[in-house]
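Here's a solo chain for you in structure tokens, the form predicted on its own.
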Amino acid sequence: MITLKSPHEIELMREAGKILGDLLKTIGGLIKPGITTLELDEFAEDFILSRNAKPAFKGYVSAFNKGYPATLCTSVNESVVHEIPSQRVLKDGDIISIDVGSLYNGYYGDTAYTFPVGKIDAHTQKLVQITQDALYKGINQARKGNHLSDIGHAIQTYVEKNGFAVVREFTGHGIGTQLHEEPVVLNFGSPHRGMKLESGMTIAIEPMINIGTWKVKTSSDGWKVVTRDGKLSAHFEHTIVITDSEPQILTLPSQ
């Protein structure tokens, strides 16, 4: 069931999102060779709690896994999503996706950003840039009267034109009083299919893009998802609301 959010609910989601936007803006300055992903996680948890919110991922139970043990998903290099923070030390030339959610006054925000660690090569930089651009191509289609599949079609078309591959097994989603609500928001597909988008719908759009094959596999811990061929992957995400005019991003930092 898809719920349309009231203006008051949207403002609460905007506050949840602003916390995350501020966090990513701040944590970017910490991402350097030598830091561990666990140190980033500890910083993020303290940051979210200091803003009178709760980490949305910590304790999250999926259909396949027991509670997620951390605040962040810190997915490095060939990790696509859901890598658990650890004593892993970031190295020059790595990329790391920071995926994070917050719960504020009963409403969720969800966002992700892929950061370079030190200096990355040109092809890796292109992957990161195309993935970020693809997110905004999808957001631009999240307009009242468009079809849900227009979002994924825009992402896939742009990504494949630039020589990269779209992960199929993981998707965006609705969001609100639950971290994952209806609808499923694919990052691929044909245009003009599925439901028509309505003002007040809140969704998280999150392309996951690979240098090589689009195929992925889940690691032995049951959480970390990696590319099948071991090549790099990038991930960007925003929570947005569909309005009567332009889509609005709810996970931006404070002005």
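So that there is no doubt, residue numbering starts at 1 and follows the sequence shown. On a predicted model such as this, the values are computed, not experimentally measured, just so you know.
Just so it is clear, the following notes concern the form predicted in complex with a small molecule, a form of the same protein that is not shown.
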Q: Kindly indicate whether Tyr60, Cys73 and His82 are, all three, within 4.5 angstroms of the small molecule in the model of the complex, using heavy atoms.
A: yes
Q: Please check if Asp150 has a heavy atom lying within 4.5 Å of any heavy atom of the small molecule in the model of the complex.
A: no
(Q) Since only the chain is shown here, I'm wondering whether Glu206 would be in contact with the small molecule in the model of the complex (any heavy atom pair within 4.5 Å). (A) yes
Q.
Can you tell me whether Phe188 touches the small molecule? I mean in the model of the complex, with a 4.5 angstroms heavy atom cut-off.
A. no
**Q.** Trp214: touches the small molecule in the model of the complex, heavy atom cutoff 4.5 angstroms
**A.** no
Q) Just one of 134-142, 153-161, 173-181, 87-95 has heavy atoms within 4.5 Å of the small molecule in the model of the complex; which? A) 173-181
